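There is one chain below, alone, in structure tokens, taken in the form predicted on its own.
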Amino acid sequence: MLDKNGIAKRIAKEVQDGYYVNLGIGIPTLVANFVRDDIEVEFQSENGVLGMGPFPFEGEEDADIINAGKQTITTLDGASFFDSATSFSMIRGKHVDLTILGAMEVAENGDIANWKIPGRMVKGMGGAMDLVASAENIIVAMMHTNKRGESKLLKSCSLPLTGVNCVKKIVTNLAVLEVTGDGFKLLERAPDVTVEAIQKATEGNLIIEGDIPEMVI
């Protein structure tokens, strides 16, 4: 199965030349490390950065240059910084081609829960609701199961929803799946992971058609 970097590396293959891409907190922030050098991509962070690069090497961090998750980042030539109003105008105006988010749960109809676990203190939803309400192309990066081994790909979400019927594709440590009207369609399996293992780890309806190829990352 894949680790977090492996998930990010596979998602990077979905990024196309000329895309404007928003990276959410967690695994999505790693995607910038793996995008091909022969394409031009603008990574946007909702705290007001356009033109993010890979994470800095140790000792080269600048504490004033951070992403939405307060991690230090690098910026590419031509990068710009702006206020939250401008940032969310980009998001709400549908100027972002691809949104990559983490999630705690995804339902088989594309619902996503990624901001709150009841009983735990949180300051608010942040920009998550704007991202899922405005984006037309959402890929979720997540682990297939939680720490107790329970599926996070469900028939319906049990946690408070961030968005409804909005997720298009999911990349986990076990598989690549497309959200369809009938459930999770299995597109690829992680190296050395069997279809049976993915089926066992998926609570929602899993659609399996023909031979499922192994991921190439």
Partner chain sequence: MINKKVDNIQQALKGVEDNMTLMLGGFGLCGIPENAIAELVKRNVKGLKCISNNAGVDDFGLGLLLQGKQIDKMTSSYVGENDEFERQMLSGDLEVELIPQGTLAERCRAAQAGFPAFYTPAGYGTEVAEGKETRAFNGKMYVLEHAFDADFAFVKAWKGDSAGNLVFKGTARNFNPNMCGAAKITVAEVEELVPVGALDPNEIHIPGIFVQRIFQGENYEKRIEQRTVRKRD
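Positions refer to the first chain, counted from 1. Definition used throughout: the rigid core is the maximal C-alpha set that superposes within 1.5 Å between two forms. Since the model is a prediction, treat every value here as computed from it, not as a measurement.
This protein has a second form, the form predicted together with its partner chain, left out of what is shown; the following refers to that one.
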Review point. If you check in the predicted complex, is residue 172 within 4.5 Å of its partner chain, heavy atoms only?
Key: no
Point to revise | Proximity of residue 157 to its partner chain in the predicted complex, heavy atoms at 4.5 Å | key: no
Review point. Can any non-hydrogen atom of residue 162 be found within 4.5 angstroms of its partner chain in the predicted complex?
Key: yes
Exercise for review: May I ask you to state whether residue 70 is within 4.5 Å of its partner chain in the predicted complex, using heavy atom distances?
Suggested key: yes
Review point. If we take heavy atoms and a 4.5 Å cut-off, which stretch out of 28-36, 173-181, 47-55, 149-157 is in contact with its partner chain in the predicted complex?
Key: 47-55
Study note, to complete from the structure: Of 96, 143, 107, 139, the only residue with a heavy atom within 4.5 Å of its partner chain in the predicted complex is 96
Check your understanding: Relative to its partner chain in the predicted complex, which residues of 70-85 have a heavy atom no more than 4.5 Å away?
Key -> 70, 71, 72, 76, 77, 78, 79, 80, 81, 82, 83, 84, 85
Exercise for review: Note yes or no: does the Cα of residue 67 move by 2 Å or more between this form and the one not shown after the core is superposed?
Suggested key: yes
